[in-house]
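This document starts with one chain, in the form predicted on its own, laid out as structure tokens.
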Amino acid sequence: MTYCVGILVRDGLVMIADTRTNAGLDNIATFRKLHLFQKDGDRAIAIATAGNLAVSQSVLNLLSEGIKNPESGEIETIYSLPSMFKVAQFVGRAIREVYRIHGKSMEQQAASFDVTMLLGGQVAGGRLRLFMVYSAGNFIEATADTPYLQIGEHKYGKPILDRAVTSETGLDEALKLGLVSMDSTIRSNLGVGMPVDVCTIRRDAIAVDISHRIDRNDAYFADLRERWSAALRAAHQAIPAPPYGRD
């Protein structure tokens, strides 16, 4: 399984993804699911993937190698599109192209054509944006009302985001909350695991600010996990006992 989250706030974008893949309890591996496409001053784009690994890798390769535009005849890549909206459309087209090539044969083998992607970033001249692209190639966009998007095993990490994240949350706080969300998911689902990849992109910088892999020996993440667990224990202990049946 997978868990990835993107958080779009006032000062920038946070993207976080785990690296565990599994095809059964005895077939577990580590693969990067957070991918960066950047050219300083021109574009800074991050893509997180969930679903069938072969499909995800095929789509990512098409994004870099390019697809012919049926109208102009030119080869388009993720580096040539003029806006994030056009990039989102292009990612959807790449997914549909992979389905055209492999979808029918996968269905004949009872394999699921399952892929979902978080696409976030900024192209020079445009604004910082965050999209979720579905396996049909269509997509939705994060808004001020819903400033974060999740893919994969999202339910365990959702409550903290619902309670604490707004579009006005600071970038460092958004990263912290995203890591708490990831920790909650890792604790509750064996299909999501370390290492964890993170990146941040500051609004209008047109460059990746942080790109970091958190492994099991990461001191900050270990401290965050313990502090969050202790805070939860202290919070529930501070709440008065239910009064029911005490009359």
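So that there is no doubt, residue numbering starts at 1 and follows the sequence shown. Just so we're clear, the structure is a prediction, and the values are computed from it rather than from any experiment.
Same protein, other form: the form predicted together with another copy of the chain, not shown, and the subject of what follows.
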Of the listed stretches (97-105, 71-79, 171-179, 117-125), which one has a non-hydrogen atom within 4.5 Å of another copy of the chain in the predicted complex? 171-179
Can you work out whether another copy of the chain is within 4.5 angstroms of a heavy atom in all three of R10, L34 and A111 in the predicted complex? no
Indicate whether I214 is a 4.5 Å heavy atom neighbour of another copy of the chain in the predicted complex. yes
Quick check on V208: any heavy atom within 4.5 Å of another copy of the chain in the predicted complex? yes
Closest heavy atom of S184 to another copy of the chain in the predicted complex, within 4.5 Å or not? yes
Does any heavy atom of V198 come within 4.5 Å of a heavy atom of another copy of the chain in the predicted complex? yes
Quick one: which residues from 144-173 get a non-hydrogen atom within 4.5 Å of another copy of the chain in the predicted complex? E153, H154, K155, Y156, K158, P159, I160, D162, R163, A164, D172, E173
